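As a starting point, one isolated chain is supplied in structure tokens, in the form predicted on its own.
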């Protein structure tokens, strides 16, 4: 899978959500982004911000909650989702 895309996603999440004391290397590619198992502590407001960010940066819309839950499961799933939705990634 695209290592550069995953790195870019980690950096964008940290910057856009203003996560302090988190480095890209702290975010596991296959670890959950949301929920009690997540090391990031993201919530539903963060999810909304990520949806807006994906639209702005990649031109990709996430239409429904089940799609969002699948896409935001991990960095790997988000990169996979973007790879399928955007031909340039």
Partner chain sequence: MSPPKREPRYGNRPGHQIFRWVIRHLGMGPAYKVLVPVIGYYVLFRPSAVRAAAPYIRRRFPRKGCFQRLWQIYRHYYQFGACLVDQAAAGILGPESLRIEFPDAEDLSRIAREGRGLVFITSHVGIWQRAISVLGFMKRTVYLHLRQDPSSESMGLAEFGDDGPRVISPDGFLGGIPELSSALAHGNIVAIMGDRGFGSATCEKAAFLGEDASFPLLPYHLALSTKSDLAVLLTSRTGPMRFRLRAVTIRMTDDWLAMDKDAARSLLLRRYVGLLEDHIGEHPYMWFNFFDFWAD
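Bear in mind the structure is a predicted one, so any value in this text is a computation, not a measurement. Numbering follows the first chain given and starts at 1.
What comes next is about the form predicted in complex with the partner chain, which is not displayed.
- This chain is displayed without the partner chain, yet in the model of the complex the stretch 64 to 72 from 5 to 13, 77 to 85, 19 to 27, 64 to 72 comes within 4.5 Å of it by heavy atoms.
- With a 4.5 Å cutoff on heavy atoms, residue 58 does not count as touching the partner chain in the model of the complex; it lies far away.
- Looking at residue 39, you'd find every heavy atom of it more than 4.5 angstroms from the partner chain in the model of the complex.
- Residues of 37 to 70 lying near the partner chain in the model of the complex, listed in sequence order, are 43, 44, 45, 47, 48, 49, 51, 52, 61, 62, 63, 64, 65, 68, 69, the criterion being any heavy atom within 4.5 Å.
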